[in-house]
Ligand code: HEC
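Coming up is one lone chain in structure tokens, specifically the form predicted on its own.
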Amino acid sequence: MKRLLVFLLFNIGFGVSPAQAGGMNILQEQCASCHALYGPAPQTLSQFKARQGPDFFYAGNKYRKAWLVQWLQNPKRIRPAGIFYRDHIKPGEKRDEIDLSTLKPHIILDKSSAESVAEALMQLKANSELIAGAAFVPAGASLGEMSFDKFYGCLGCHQIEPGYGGLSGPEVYTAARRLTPEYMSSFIANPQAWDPKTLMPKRDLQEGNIRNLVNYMLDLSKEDWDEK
């Protein structure tokens, strides 16, 4: 019923703009085979392993619209080894290497389509209760880098600059460009509330420690990584 209601709202134009309706059509026709537009998140390991791309049913609470518009026109891989690490690696001389032959390129949209899709994604706001009332105030990244690299071992899964860090998780050097700080804070605090089968561990961090990590990623995002 929920899926049908969302489909009708977008496709008969009730309460949505033409751009939103057009964007939803693109999502359903070109993106739904890899991205879940409706919840819930995978509840079993087999469902998790079948996932081809990130879930979109809470995209409006997760992504920054401006980043979506840019990325959809020039997509660059965020997870070096794809959505499920073990499916896209091969033995290397010193350690596992990414098997690029197993990774498919993302579709590329023109500017108008990218703007329509981004507008449609902004309307998908499941899990709003997880960030309700959240307000993030940027500050100095005191201890953020040390916490990320040393204390919590995040570097083992995430890259903090191109080619430096783990391969199994999404890179974080541009995370604050694509993700809202409220989402990052909530996800770090309780990853399984958003995605029950995520490999991201719940570490029961204090609010100050979470704030340090998010501010560290905000600092990383200020670098011009396209020039490096």
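Computed from a predicted model, the values in this text were never measured in an experiment. Start at 1 with the first residue shown and count on from there.
The form predicted together with heme C is left out here; the points below concern that form.
inquiry  = Give me the residue from 107, 134, 146, 100 that has a heavy atom within 4.5 Å of heme C in the model of the complex.
reply    = After the contact test, the surviving option is 107.
task = Note which of 41, 193, 160, 200 lies within 4.5 Å of heme C in the model of the complex, where distance is taken over heavy atoms; exactly one does.
result = Partner contact (heavy atom, 4.5 Å) among the options: 200.
query = Taking heavy atoms and a 4.5 Å cut-off, does residue 153 contact heme C in the model of the complex?
reply = Heavy-atom contact with heme C at 4.5 Å: present for residue 153.
task = Please check if residue 89 has a heavy atom lying within 4.5 Å of any heavy atom of heme C in the model of the complex.
result = Looking in the model of the complex, residue contacts with heme C do not include residue 89, since no heavy atom lies within 4.5 Å.
message = Since only the chain is shown here, I'm wondering whether residue 78 would be in contact with heme C in the model of the complex (any heavy atom pair within 4.5 Å).
response = Contact with heme C, yes.
ask   = Can you check whether residue 33 is within 4.5 Å of heme C in the model of the complex, heavy atom basis?
value = Residue-level check for residue 33: yes, a contact with heme C.
task = Enumerate the residues of 177-199 that have a non-hydrogen atom within 4.5 Å of heme C in the model of the complex, in sequence order, or give none.
result = In sequence order, 178, 179, 183, 184, 187, 188, 198, 199 come within 4.5 Å of the partner.
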